[in-house]
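One chain comes next, on its own, written out as structure tokens in the form predicted on its own.
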Amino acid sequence: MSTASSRPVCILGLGLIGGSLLRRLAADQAPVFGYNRSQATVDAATADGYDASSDLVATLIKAAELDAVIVLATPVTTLGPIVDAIADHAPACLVTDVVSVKEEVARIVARHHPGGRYVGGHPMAGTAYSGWDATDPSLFEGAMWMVTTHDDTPADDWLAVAAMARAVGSNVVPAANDAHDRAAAAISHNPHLTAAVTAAVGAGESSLSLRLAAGSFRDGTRVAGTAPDLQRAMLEANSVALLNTLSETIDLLVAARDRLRDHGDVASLVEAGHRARQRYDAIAGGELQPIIDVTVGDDGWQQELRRQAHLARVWLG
């Protein structure tokens, strides 16, 4: 997909996600510029031909002048002062984000910029690498991009965020913040912890196991290679939902351990996992099912988008 949005976009944070977004929008000739507190990152981005600055205030003043959509693309632990700056220098701009938790970001925006225009977002894309050197303009191609859809979400603001996601090749998944965080805990954040456990157990006390390790260890531990501080910021910000999925994981593993000890088999867990993987393969590998018969802005559009998203349908505009 190569349709660029004509709405200016201001990206605050030029790491893997924010930098990749900058590169993709710029490649499609969209009006886009960015900020990063690291001058080294800014120098690298500008050397590659992109509009970037390490001056947050100047960047936000420019965003206000252009009525740009502001994208928060820094770790959740850094957002408070940035949102304060938005409230001071670009208070009328629509704000979205690409952070992997939604309820905590919404709380930060509400606390630091009450009355501000905010529609959350989360592209389900990434790698184990970080920083400008890891950015990739094709990162979002075919990815699912959650866009916050609550009963009070304004239609025009929702469409602006959804249009940006579509412009970089993603498919829009409408969801409420709490539903997103529960899902993200199950399919992203919990796997980070299980990857860490697999890596730690696999490494053992001898390097023999690592020498023998092949595909299952490599694939099962990939996300454990992500910088620990980035992992912690993501996981700890979604602690309530993650505690629930972690408890479920522990319960299932304990039951499997007890079954193996007492009866010599792990059939129940293995078969349940196999069935779940087949369901995922059918959804991920099948033809996209679009959301139908919904006009954004009509009565009840938010509820109907959410309902169809829970049936694994996506919004394609």
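What you see is a predicted model, and the numbers here were worked out from it, not measured in a lab. Residue numbers here begin at 1 and follow the sequence given.
There is also a form predicted together with a further copy of the same chain; it is not shown, and the following applies to it.
When a further copy of the same chain is placed as it is in the predicted complex, which of 157-165, 74-82, 192-200, 107-115 ends up with heavy atoms within 4.5 Å of it?
-> Among the candidates, contact is made by 192-200.
Heavy atom distance at most 4.5 Å to a further copy of the same chain in the predicted complex, all of 24, 93 and 150 | Zero of three within 4.5 Å in the predicted complex.
Looking at 139, 119, 99, 242, which has any heavy atom no more than 4.5 Å from a further copy of the same chain in the predicted complex?
-> After the contact test, the surviving option is 242.
Since exactly one of 270, 292, 47, 40 fits, which has a heavy atom within 4.5 Å of a further copy of the same chain in the predicted complex?
-> None of the others qualify; the residue that does is 270.
Is residue 54 one of the residues lying within 4.5 Å of a further copy of the same chain in the predicted complex, judged by heavy atom distances?
-> No, residue 54 sits far enough from a further copy of the same chain in the predicted complex that none of its heavy atoms falls within 4.5 Å.
Looking at the partner-bound form in the predicted complex, is residue 130 within 4.5 Å of a further copy of the same chain by any heavy atom?
-> No - in the predicted complex, heavy atoms of residue 130 and a further copy of the same chain never come within 4.5 Å of each other.
Interface membership of residue 219, a further copy of the same chain in the predicted complex, 4.5 Å heavy atom rule | Close contact exists here: in the predicted complex, residue 219 approaches a further copy of the same chain to within 4.5 Å, heavy atoms only.
Is there a heavy atom of residue 28 no more than 4.5 Å from a heavy atom of a further copy of the same chain in the predicted complex?
-> No, residue 28 sits far enough from a further copy of the same chain in the predicted complex that none of its heavy atoms falls within 4.5 Å.
For 241-269: residues with a non-hydrogen atom within 4.5 angstroms of a further copy of the same chain in the predicted complex?
-> Counting only heavy atoms within 4.5 Å of a further copy of the same chain in the predicted complex, the contacting residues of 241-269 are 242, 243, 245, 246, 247, 248, 249, 250, 252, 253, 254, 256, 257, 260, 261, 264, 265, 266, 267, 269.
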